[in-house]
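Below you will find one chain, with nothing else, as structure tokens; this is the form predicted alone, and questions on how it binds or moves follow later.
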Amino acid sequence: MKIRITIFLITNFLISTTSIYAQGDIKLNQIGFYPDAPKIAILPDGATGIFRVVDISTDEPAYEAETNEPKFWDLSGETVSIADFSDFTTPGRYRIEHESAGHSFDFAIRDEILIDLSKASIKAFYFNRASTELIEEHAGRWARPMGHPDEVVYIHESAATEERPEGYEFSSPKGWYDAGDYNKYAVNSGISTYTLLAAFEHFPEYYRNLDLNIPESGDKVPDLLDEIRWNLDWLITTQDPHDGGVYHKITTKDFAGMVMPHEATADRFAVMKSTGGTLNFAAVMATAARVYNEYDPGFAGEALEAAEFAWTWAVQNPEVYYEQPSDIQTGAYGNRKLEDEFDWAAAELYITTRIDDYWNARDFDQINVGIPSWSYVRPLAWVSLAHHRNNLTDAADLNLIEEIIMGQGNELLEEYDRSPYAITMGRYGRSDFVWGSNGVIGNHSLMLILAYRLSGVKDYLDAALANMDYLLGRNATGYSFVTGFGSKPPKGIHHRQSAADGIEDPVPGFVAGGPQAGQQDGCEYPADLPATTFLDDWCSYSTNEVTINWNAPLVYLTGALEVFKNQ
């Protein structure tokens, strides 16, 4: 997006003492900006004309310019102006001031502006580990006893077979708690684990050197892969060794209360096998087989064998849809449209094995790729195919792969160019602001990064960076949506550990779900439009819960931006 502004040199500019707005009504990235990156702030309705960038160390203006023409955004009910200071590049700490709008939160301009967030977004997965104590050396204030050893898990009647009847006991330790609850789900682990694997596969040098201060730090394996392995080690226990099918989830019969993990001691069950869970497993294990081959060839071989076994079961059982048993009340992750899961699993197996049968098993002639989500994973097939396009067999259509990715990138770029907030949310109207809308914008950004990698066109990278600004405060709510980061981060996330540990600050590095107008939880909201319906309170599980699948694209995005903006 290109915004033309006229620079005015003003020598006697004073902030009005009768500003009608409060601090934070000027909305911007509350952490800050790379020196050579686009930099914009959003000014509220009625605030137009001259703004200035003020140096915190001197309290003197360092840059002055004029806002653009106001635009109305129906998704937030606002008329807003953009203050563009992209050509100001001097490192330091600053704030934005405007005569009527007051002043913004402080922010920085510097290199490696997202490095701490990049680490924290991965470390959030460590804080959600099951089956281990978190000690102070690694967890700081958020140290806690071990929860859910899962050394004894029972086969639920819905999963019973002759070899493993109802009540059969097996071990299924490790893994990540899925969200604010303490259960572990094969389906949502699919897109979450894959996105982290893709981050490493696409930017290996960056992640090889990233020290996360986790128990495995200092071994010969990059910390990100050590963290992913914690979940893979659990995930592989969910496959029935007798037939290759995968249990949909390991869960208690109902959600735990607001307690710490070690206080949630109800029995855990493996609930029915599902085609969706099995295909997610196949895709992730096929990806893991190639990513871990350099570090643990034995595990890589085991992962590939498990992926192929799962694929065989899914092909033989293509319509085993998850049905929630009457005595199970936890998350369903149900999905009766599995063509995209078959596409994704086939693509990952094809890439890893280079066996054309997997490519030929599916019709990859898809026109609209879409945005990844736990229930729609076809885009992940194209992400992997695009990354590996130079190492595929002749069966693959390389032109189609590039066309698919660039078509999606262009759709998102069109919305970025016309958005009053200069973001990609709104291309699909209210449907962008669904449950977990911050995961949606994170996955928008993943697709934009891929378009940038294919084309080298900076506009795609700028749009992804703009979406990062949205997550860190340049949005209609004025929140930085990531715990522990920014001047106004969420404090009351729907996350049992954070609510029950007696610590005022929640576990850092988690992105809250984000605004959406459904209000499914019955809370009292201060606003009701798609881009403004957000409540920073435990009550609001529909806007303020955290999940691994929303955090994973944050990991990918922050790492990619650190790579590209520090080259």
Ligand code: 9MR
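No experiment lies behind these values; they were computed from the predicted model shown. Each residue number is its position in the shown sequence, starting from 1.
Although it is not shown, the form predicted in complex with this ligand is what the next lines describe.
This chain is displayed alone, yet in the predicted complex one of R496, H98, R474, R268 has a heavy atom within 4.5 Å of this ligand; that residue is R496.
Only one of the listed residues (E411, E78, D181, D343) places a non-hydrogen atom within 4.5 angstroms of this ligand in the predicted complex, and that residue is D181. Not displayed here, this ligand is kept clear of F88 by more than 4.5 Å at the level of heavy atoms in the predicted complex. Contact between Y525 and this ligand in the predicted complex is not found at the 4.5 Å heavy atom cutoff. Proximity of E545 to this ligand in the predicted complex falls within the 4.5 Å heavy atom cutoff. A residue is said to contact a partner when one of its heavy atoms sits within 4.5 Å of a partner heavy atom; Y34 fails this definition for this ligand in the predicted complex, lying far away. Contact here is defined as any heavy atom lying within 4.5 Å of this ligand in the predicted complex, and by that definition not a single one of F200, W382 and Y452 is a contact residue. Partner proximity in the predicted complex, defined as non-hydrogen atoms within 4.5 angstroms of this ligand, places exactly one of 24-32, 535-543, 498-506, 55-63 at the interface: 535-543. Residues are counted as partner-facing when one of their heavy atoms sits within 4.5 Å of this ligand in the predicted complex; in 237-275 only F255 qualifies.
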